[in-house]
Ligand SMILES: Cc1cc2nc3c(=O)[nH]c(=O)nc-3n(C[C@H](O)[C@H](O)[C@H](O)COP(=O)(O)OP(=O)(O)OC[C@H]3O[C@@H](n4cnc5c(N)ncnc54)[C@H](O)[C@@H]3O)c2cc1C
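What follows is one chain in structure tokens, specifically the form predicted alone.
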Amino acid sequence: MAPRGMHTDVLIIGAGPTGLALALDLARHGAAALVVERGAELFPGSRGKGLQPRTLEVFHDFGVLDRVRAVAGHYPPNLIWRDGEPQGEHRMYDPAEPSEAEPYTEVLMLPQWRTQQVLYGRLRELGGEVAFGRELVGLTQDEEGVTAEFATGGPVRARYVVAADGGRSTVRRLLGIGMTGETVDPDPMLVADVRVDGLDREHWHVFRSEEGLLAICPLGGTEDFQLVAQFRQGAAVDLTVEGLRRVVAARSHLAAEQVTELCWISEFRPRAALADRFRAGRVFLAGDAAHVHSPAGGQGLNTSVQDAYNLGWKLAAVLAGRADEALLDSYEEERRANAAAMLELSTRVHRGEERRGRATRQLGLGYRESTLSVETRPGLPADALRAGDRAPDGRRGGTRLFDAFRGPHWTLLTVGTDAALPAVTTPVVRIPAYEVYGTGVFLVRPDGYLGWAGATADGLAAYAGRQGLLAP
């Protein structure tokens, strides 16, 4: 018999962007979830600060995009310094013009702590909460659920557990799941949030010296700068404010005292690693617990949010009895392959082998090879939209598609056809012909990807039935 204690449908370990995004998504679906966090508060540092366009689309769906844009900043150009003199500017990201199908193409800058604040605020509006000061020490599972034990407080019994507890995941260790990867760069680095006098906030200041790289970037929507410094392999890294001031004075034209405040600091070594599996029974790995990235290219936090977005609707459907538990197998099938691709991309960007461009914006990611993707139209052109692809935005017939898709539901979309449709429980949207889609019938998943596509609705009823979408 399970120990007496709290019961919930989903127990989420970790209140970073992954855990908060998952809890928020589950709350939209009406699923009971509890987030526990070892720390006494939300993570205080900037760490993951780039929000890619695909993540902005997720935030549109979550109803928080306006809040994000109100406090986020733009990525400034790099200003290169040498011997106290500016040497010129260059852009880190290749620009891309927005379009009807892809309305968000700019990478926004928002320190991780503020992204978490936005997500946490929305979660609380939906009735969710985080239990702070709960350190996981044990996990046992059986056919009915999982029991989590904590250093303080009683146990929690859940039908499912999701590890969103970072690269040093306690859950992953307790499960005995290994990680396969490599050190991207053997040189240690520090990252810190600081207040600095004497630098403008219109540039990302990069200083090159014999001691190593120093980069100081203004964090949009705050008075802080994020400082990154690289050290030689084997060097001791001093994480005090005095040590940080010595680094700044040695590598730039700034005086030590111009670093006026240290808000947060951490040491890391860039590495790329992928968990050997993303699931063990009723326990799932998500975010950094499942994949660890180099910070180059801004893929880590964004890939983590995509994990949560993929898993949330599937857990909710199974918990509500609308879908068979086999649906949960598609989480690892879909997300592990995408995480592996993003790890390779991050490593190439770190090593200067690829620029930050369309691939890093994550708009081209999809699930064409997934068992959930059913494409019934033969002979499509190579560049045609297919089942498994991201469902584009657009405005046709007075309807904005992203607004129609918004919410925790599937959407049945017809484009340029009056084809007869099976009776479904999900919203039906009909729009005139739209070249990005072509013509046909499309069933859009709750996470904004095409699950089923056809010229007519032939075969759709069987697919919709498997997803619990047929009207009684």
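Here the structure is a predicted model, which is why all the values come from computation and not from measurement. Heads up: residue numbers just count along the shown sequence, starting at 1.
Form predicted together with the named molecule: not shown, discussed below.
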Checklist entry - For G287, is any heavy atom within 4.5 Å of the named molecule in the predicted bound form, or not? => result yes
Next on the checklist: My question is simply whether P53 lines the interface with the named molecule in the predicted bound form - judged by any non-hydrogen atom within 4.5 Å.
Outcome noted: no
Next on the checklist: I'd like to know if H60 sits close to the named molecule in the predicted bound form, meaning any non-hydrogen atom pair within 4.5 angstroms.
Outcome noted: no
Next on the checklist: My question is simply whether Q112 lines the interface with the named molecule in the predicted bound form - judged by any non-hydrogen atom within 4.5 Å.
Outcome noted: yes
Next on the checklist: Going by heavy atom distances of 4.5 angstroms or less, which of R67, R430, H29, R38 would be at the interface with the named molecule in the predicted bound form?
Outcome noted: R38
Next on the checklist: Each of P103, G388 and Y463 having a non-hydrogen atom within 4.5 Å of the named molecule in the predicted bound form: is that the case here?
Outcome noted: no
Item to check | Stretch from 415-423, 402-410, 29-37, 439-447 whose residues place a heavy atom within 4.5 Å of the named molecule in the predicted bound form | outcome: 29-37
Next on the checklist: Can you list, in sequence order, the residues from 5-29 that come within 4.5 Å of the named molecule in the predicted bound form, counting heavy atoms only?
Outcome noted: I13, G14, A15, G16, P17, T18, G19
